[in-house]
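The data below hold one chain only, encoded as structure tokens and taken in the form predicted alone.
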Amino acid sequence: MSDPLSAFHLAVSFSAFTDIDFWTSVGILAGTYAIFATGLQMNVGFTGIFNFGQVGFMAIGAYSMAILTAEHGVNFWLSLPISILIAIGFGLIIGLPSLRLRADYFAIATIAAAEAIRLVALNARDLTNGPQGIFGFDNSWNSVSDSIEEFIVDLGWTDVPSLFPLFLVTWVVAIVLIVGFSRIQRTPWGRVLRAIREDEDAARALGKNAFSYKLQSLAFAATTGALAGFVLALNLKFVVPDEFQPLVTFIGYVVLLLGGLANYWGVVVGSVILWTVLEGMRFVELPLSETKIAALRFMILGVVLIGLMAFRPQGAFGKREEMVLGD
């Protein structure tokens, strides 16, 4: 009788981890989610509001840019700030009625709003082209990408990955945001956010308009969500509704848990760890179907998170004293 384990084959393609194309792709994903989670960090880690609709801001940013550029002929670079303003406007529409709710009801309202955006994108075929998505919005970016690639080649690196310019721009944006948000957090405005997170009633007693500050925090999250949407769209070369499932927001929360609450640089570490693990699992060969392997990747991530919550609940760079969130 044959050993049942003899049929089980496990192999890892380590050569893939030396492939610059692999690390470029992982870097773009990690940078995209670092941008995405920076706004979440301000909401959850510093303001104490549970924004579960961040993917909605990402969808609005990506779709607004694609529609303005591909459908209406607006200059690509002009479409970016317009899309950010649209995302901020949507954030205000959500926040004005729902930020007065209790934390759990606000979370439900935001996830419902994000899902409503996705369903509108799926069904408003005349506006968004439905499930087929929008293409052809990245011609201006391609010109810039080619210029960056030519500059790198002139420096002596001839075998430049096609996505490397996007990798550079993604991380420049991510680092600028993180440095900027870190500085903002040390201002009196940022200290008020902390006060609201720790004791909103006390902040109100000191004359601070907590509602206004929470609304401003949500506007910052809308900005980073829209920026992440731009990068995602440029990476995929198209915009479709399926890319904006609620799971995206929860992956952003995983980044926060891995890196630690109330630490913007932890967002970078959490995002890099997450996507290195998830993408690295693609090169583990198992006698399973692709669907089961995909599920296994998230199961392994779940085990990592359980261990993290058990032994270091504050995350890689978080502090236990920062784990104080609103009611």
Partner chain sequence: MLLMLHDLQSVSQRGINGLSLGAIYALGAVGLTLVYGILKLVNFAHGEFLTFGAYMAYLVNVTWGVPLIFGILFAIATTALLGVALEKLMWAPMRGRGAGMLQLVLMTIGLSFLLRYGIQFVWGTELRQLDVNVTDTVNFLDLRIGRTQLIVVVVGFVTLVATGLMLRMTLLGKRMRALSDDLELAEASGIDTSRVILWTWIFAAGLAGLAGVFAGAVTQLQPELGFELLLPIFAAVILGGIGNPFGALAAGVLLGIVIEWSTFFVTPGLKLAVGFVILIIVLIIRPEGILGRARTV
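All figures in this text were calculated on a predicted structure; none of them were measured in a lab. The term rigid core refers to the maximal set of C-alpha atoms that superpose within 1.5 Å between the two forms. Residue numbers count along the first chain shown, from 1.
In what follows, reference is made to the form predicted in complex with the partner chain, a form of this protein that is not presented.
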Fill in: Segment that reaches the partner chain in the model of the complex - one of 268-276, 47-55, 65-73, 23-31, heavy atoms within 4.5 Å
47-55
Fill in: Position in contact with the partner chain when the complex is considered in the model of the complex, options Leu80, Leu163, Val173, Ala112, heavy atoms within 4.5 Å
Ala112
Practice prompt. Check whether Trp141 has any heavy atom within 4.5 Å of a heavy atom of the partner chain in the model of the complex, and answer yes or no.
Written response: no
Worksheet item: Looking in the model of the complex, any heavy atom of Tyr253 within 4.5 Å of the partner chain?
Response: yes
Worksheet item: Is Leu257 one of the residues lying within 4.5 Å of the partner chain in the model of the complex, judged by heavy atom distances?
Response: yes
Discussion item. Please tell me whether any heavy atom belonging to Pro246 falls inside 4.5 Å of a heavy atom of the partner chain, as the geometry stands in the model of the complex.
Written reply: yes
Item to complete: Just give me the residues of 103-134, first to last, that have a heavy atom within 4.5 Å of the partner chain in the model of the complex.
Response: Ala103, Asp104, Tyr105, Ile108, Ala109, Ile111, Ala112, Ala113, Glu115, Ala116, Leu119, Val120, Asn123
Worksheet item: Hey, does Leu301 budge by 2 Å or more at the Cα between this form and the one not shown once the core is superposed?
Response: yes
